[in-house]
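Quick heads-up: it's one chain on its own, the form predicted alone, in structure tokens.
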Amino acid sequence: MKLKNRFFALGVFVTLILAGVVSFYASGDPDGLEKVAEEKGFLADATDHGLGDSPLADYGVSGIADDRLSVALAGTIGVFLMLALSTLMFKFLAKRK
């Protein structure tokens, strides 16, 4: 296996570990924008996003009751979707030259 391919495979592996395992341990505290909205008193005016009921909303997979598994699957699906989209984009851009 070429060094470039090993490096790529290692990068995908590390990304999958971070997205599928470590992400579950991320802070549950509100992010900066939500905290400021709470402090300034306009958090109650917030409305749900139009895609708030999508299959991967709120960093989980809808329909899966186990929180740990739901977050892990959402992270893993996100990694593979971004990998596929970026690969297609780079192949398209490479053909244009």
Partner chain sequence: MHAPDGFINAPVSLGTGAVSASILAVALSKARAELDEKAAPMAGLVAAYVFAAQMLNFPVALGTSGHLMGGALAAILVGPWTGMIAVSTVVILQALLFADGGLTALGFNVFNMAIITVIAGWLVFQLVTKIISGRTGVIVGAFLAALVSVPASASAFVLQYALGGTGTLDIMDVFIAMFSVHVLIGIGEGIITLLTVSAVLALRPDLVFGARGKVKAELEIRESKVS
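Note that the structure is a prediction, hence the values are computed from the model and not measured. Positions refer to the first chain, counted from 1.
As for the form predicted in complex with its partner chain, it is not shown, yet the points below apply to it.
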| query | Though only this chain appears here, would residue 33 touch its partner chain in the model of the complex if you measure heavy atom gaps against 4.5 Å? | reply | yes
| query | Does its partner chain come within 4.5 Å of any heavy atom of residue 51 in the model of the complex? | reply | yes
| query | Does residue 69 make contact with its partner chain in the model of the complex, using a 4.5 Å heavy atom cut-off? | reply | no
| message | Given that its partner chain is not shown alongside this chain, does residue 64 nevertheless sit within 4.5 Å of it in the model of the complex, heavy atom to heavy atom? | response | no
| query | Taking its partner chain in the model of the complex, which residues of 62 to 96 have any heavy atom within 4.5 Å of it? | reply | 71, 74, 75, 78, 79, 81, 82, 83, 85, 86, 87, 89, 90, 91, 93, 94, 96
